[in-house]
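Shown next as structure tokens: one chain only, the form predicted alone.
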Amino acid sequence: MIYIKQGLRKFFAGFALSVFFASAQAGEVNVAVAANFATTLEKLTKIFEAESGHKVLISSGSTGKLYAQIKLGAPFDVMLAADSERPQRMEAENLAVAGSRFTYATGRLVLWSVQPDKVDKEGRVLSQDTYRHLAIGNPKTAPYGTAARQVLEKMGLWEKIQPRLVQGEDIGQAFQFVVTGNAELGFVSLAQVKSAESKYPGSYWLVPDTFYQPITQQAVLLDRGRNNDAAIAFLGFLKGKPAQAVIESFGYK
């Protein structure tokens, strides 16, 4: 009996030790993500957490707003921007680790409506009087909003369409304007449309790449995360082929 008790003690001691080391190795990474990529990141997070044991905490918003928060000391370890401008700026301003920046996706812009057959395949609906409101992200803080403005300028509609513009703080809010019917049309990301197409089949125009500057979405390790193993592991995971396959399935290039 004595031998059995001693054996059990050793077993539980070993078990407790293994749990302790597993807990000690698991970490957390705080990720600031551009609104267009939030749904894709949720799917990636499930895979990463299952593989690594690390936990990912997500905060989404417009790239411009997140950048402003990071400058004010917001506790993020990783930034997934919707452009390359802010990550470059953060490196130059020593807010991010030099050399950690890379492109994780190239975004694609669409003109979208929840109404079937509302949007034709060439975007001619924009020149018609069949809608009251068009939603876009803020061109000053949201790269997809900037791209939407470039499309409207190229089509010669930017000034004419001003009375019908409904501007969201980010592309997520622009998307919600269309979903809730506050705008019949909206410029959003292809990833958002693909994520919601089972619930909102709707109709959309995939805007040709030549109508706007490339939406190069870059990731960067922030200074706060330079010694965070979970943050470093997450960025490594994001570069891998399995993660890239998930990103492409959402419509990114």
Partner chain sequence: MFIESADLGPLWLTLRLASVTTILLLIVGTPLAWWLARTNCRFKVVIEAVVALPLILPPTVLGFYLLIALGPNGPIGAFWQNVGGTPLVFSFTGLVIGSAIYSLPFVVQPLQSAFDSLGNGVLEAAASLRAGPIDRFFSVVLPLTRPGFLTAITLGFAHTVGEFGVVLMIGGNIPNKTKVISIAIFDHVEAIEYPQAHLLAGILLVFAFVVLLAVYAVNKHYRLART
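Positions refer to the first chain, counted from 1. Just so you know, these numbers come straight off a predicted model, no measurement behind them.
Although not depicted, the form predicted together with its partner chain is the subject of the following passage.
- Only one of 150, 103, 88, 173 comes within 4.5 Å of its partner chain in the predicted complex through a heavy atom, and that residue is 173.
- Contact check for residue 78: every heavy atom lies farther than 4.5 Å from its partner chain in the predicted complex.
- In the predicted complex, no heavy atom of residue 125 sits within 4.5 Å of its partner chain.
- Heavy atoms of residue 62 reach within 4.5 Å of its partner chain in the predicted complex, making it an interface residue.
- Not displayed here, its partner chain is kept clear of residue 160 by more than 4.5 Å at the level of heavy atoms in the predicted complex.
- Contact with its partner chain in the predicted complex, defined as any heavy atom within 4.5 Å, is confined among 104-112, 135-143, 152-160, 117-125 to 135-143.
- Residues 62, 64, 65, 67, 68, 71, 72 are the members of 61-100 with a non-hydrogen atom no more than 4.5 angstroms from its partner chain in the predicted complex.
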